[in-house]
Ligand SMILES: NC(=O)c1ccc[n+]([C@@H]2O[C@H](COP(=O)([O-])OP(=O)(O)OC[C@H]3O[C@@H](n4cnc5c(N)ncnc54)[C@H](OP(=O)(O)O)[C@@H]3O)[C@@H](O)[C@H]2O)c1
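Listed next as structure tokens is one chain, alone, in the form predicted on its own.
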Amino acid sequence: MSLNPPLSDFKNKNVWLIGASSGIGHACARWLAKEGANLIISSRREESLIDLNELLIKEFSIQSKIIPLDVMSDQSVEAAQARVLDHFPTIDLLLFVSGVYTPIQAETLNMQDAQSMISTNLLGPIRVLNYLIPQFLKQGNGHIALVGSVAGYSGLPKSLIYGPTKAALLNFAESLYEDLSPKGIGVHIICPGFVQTPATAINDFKMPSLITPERAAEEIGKGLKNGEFETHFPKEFSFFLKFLRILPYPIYFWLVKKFIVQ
């Protein structure tokens, strides 16, 4: 059942993609360019955005607008959104992909990594929407898509801080949907499993159902086209984690240890 208006056609749609410099965001930029969207690409690393823009021109003859952005900085977000609204009179889609991951267990818990993940993964999209929600309300339409993770479904090994940031983002998206859907604004939460990115490359354990960023971008695009509130993939892994949530804890912890902890 579609909970949002479908974004069936991306041609000439105005899309602000945050977190475009690598991984899933990089693949999404290429997918959106192929679909004919008008793109603003943002991340902290301007040199990576320049390289991406050159690739988009070469592959799809599409030039995107580059607006560097640090989602951990209120000042950077405020300045970037002003430039976005100068370039796009309306925003059809905000796609927030930016995120950081550091594997943390109880014995490696430290405030520096914890604050970095919380500030980027949770407060980052909140900072951006603090400025953009008035624009969406003024428009009376548009879509907000936030990339979370299946790690937000339940507690997982080496995800002591990352998982809670994604769980909070899922809760945030649910509340955001309740507030904005009646006003004609689509809200989407995207929960990938393990994707081959620079972030997951640091993992020292076997990652079940590992997929490419290109596959992730296709799944995200399909979910947006179908108007899904939640897009989760790959299904063989994400449904398993959803199933774990409803089990008694003794069974839950046993299954996590048996099938996820390698």
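Note that residue numbering begins at 1 and tracks the sequence as displayed. Worth saying up front: this structure is predicted, and the values here are computed from it rather than measured.
What comes next is about the form predicted together with this ligand, which is not displayed.
Enquirer: If we take heavy atoms and a 4.5 Å cut-off, which stretch out of 68-76, 153-161, 181-189, 130-138 is in contact with this ligand in the model of the complex?
Expert: Heavy-atom contact with the partner occurs in 68-76.
Enquirer: Which one, Ala167, Val100, Val84, Ile118, lies within 4.5 Å of this ligand in the model of the complex by heavy atoms?
Expert: It is Val100 that has a heavy atom within 4.5 Å of the partner.
Enquirer: Since exactly one of Lys235, Arg44, Lys225, Arg215 fits, which has a heavy atom within 4.5 Å of this ligand in the model of the complex?
Expert: That would be Arg44.
Enquirer: Looking in the model of the complex, any heavy atom of Ser21 within 4.5 Å of this ligand?
Expert: Because a heavy atom of Ser21 falls inside 4.5 Å of this ligand in the model of the complex, the answer is yes.
Enquirer: Against this ligand in the model of the complex, would Gly193 count as a contact residue? Criterion: heavy atoms within 4.5 Å.
Expert: Gly193: yes, in contact with this ligand in the model of the complex.
Enquirer: Would Gln63 count as a contact of this ligand in the model of the complex, using a 4.5 angstroms cut-off between non-hydrogen atoms?
Expert: No - in the model of the complex, heavy atoms of Gln63 and this ligand never come within 4.5 Å of each other.
Enquirer: Though only this chain appears here, would Leu94 touch this ligand in the model of the complex if you measure heavy atom gaps against 4.5 Å?
Expert: Contact with this ligand, no.
Enquirer: Only counting heavy atoms and a 4.5 Å limit, does any residue of 135-174 reach this ligand in the model of the complex, and if so which ones?
Expert: Sequence-ordered list: Val147, Gly148, Ser149, Tyr162, Lys166.
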